[in-house]
Ligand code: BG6
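Consider the single chain below, provided in structure tokens and representing the form predicted on its own.
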Amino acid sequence: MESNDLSALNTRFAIPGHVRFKEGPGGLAVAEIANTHAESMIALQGAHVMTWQPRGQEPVLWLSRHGKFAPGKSIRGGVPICWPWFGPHATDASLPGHGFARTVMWEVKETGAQPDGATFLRFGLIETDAIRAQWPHSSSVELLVTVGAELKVELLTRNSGGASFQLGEAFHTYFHISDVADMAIRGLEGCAYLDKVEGFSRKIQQGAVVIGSEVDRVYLDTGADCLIDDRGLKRRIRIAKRNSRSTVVWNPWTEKAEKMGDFGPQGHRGMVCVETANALDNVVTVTPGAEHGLLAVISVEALE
């Protein structure tokens, strides 16, 4: 079955009151989820969770209105999957930054309605000769998504070969906020980070993270929940995680966002990336026969 054959996808995987497949922005095939808890849209290209909006609330994920939705192009916003490396490739600068997983097709493997009313979807990355040329390791990767009162995303990497490999990865999650000047990120106090804006200099986080200029930081050796306190929307976004030792915080700020061309005027003010990752010093070694699962659980609370 073609991964973007909508009729076949709906015949096999649609669930009334939960999920159907349709043509999305730019003609991309998407899974549209609507249940009693929330609504979401997931592109089959990249198994990319584009939106998640709990009932009666503002969107939790930020998706650019000026994004380029096209085959082979990364989507600006939502939850891009960085895999099997984070940032530039360690030895070959010609390979795509953040890996290839976010711009290639994935297949739907399973959908299900959960007893609590949530919707479950399982995607598998479709291997091609081009992918094998970039990643010559015997492995497979799946994304498990649960859309409910919480959004759960889990990336499962299996080593089916006879040699270990190193893995860099991230959920490059864009969060919708009222204004970058009216929020703070807690949970990283006292953590060491590498500041990419200042030549990867090593620093220690003092207090909550507040943003008033370009920020691009990889926080190391941290497994704590991150909390985005948004005073404008009077809510707290909680990002819990498992099997993640890095957290990346990113906002390109005005000049860089304008150069990127798909943020829109002042688009960077309504978003911040807090990424569940294993990057730089925290890359993962996956041994033969082993499975590694990167999990993020996103939820929303009222801000007192």
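As the structure is a prediction and not an experimental result, all values here were calculated from the model. Counting begins at 1, following the sequence as shown.
From this point on, the text means the form predicted in complex with the ligand, which you will not see here.
Contact check for M260: a non-hydrogen atom falls within 4.5 Å of the ligand in the predicted bound form. The ligand is not shown here, but in the predicted bound form it comes within 4.5 Å of a heavy atom of W250. Contact between H89 and the ligand in the predicted bound form is not found at the 4.5 Å heavy atom cutoff. The ligand in the predicted bound form is approached by D216, whose closest heavy atom lies within 4.5 angstroms of it.
Checking R158, R231, K196, K109 against the ligand in the predicted bound form, a heavy atom within 4.5 Å turns up for just one residue: K196. Between the options W135, Y174, F100, F165, the residue in contact with the ligand in the predicted bound form by a heavy atom within 4.5 angstroms is Y174. Partner contacts here mean any heavy atom within 4.5 Å of the ligand in the predicted bound form, and among 52 to 60, 242 to 250, 65 to 73, 32 to 40 they occur only in 242 to 250.
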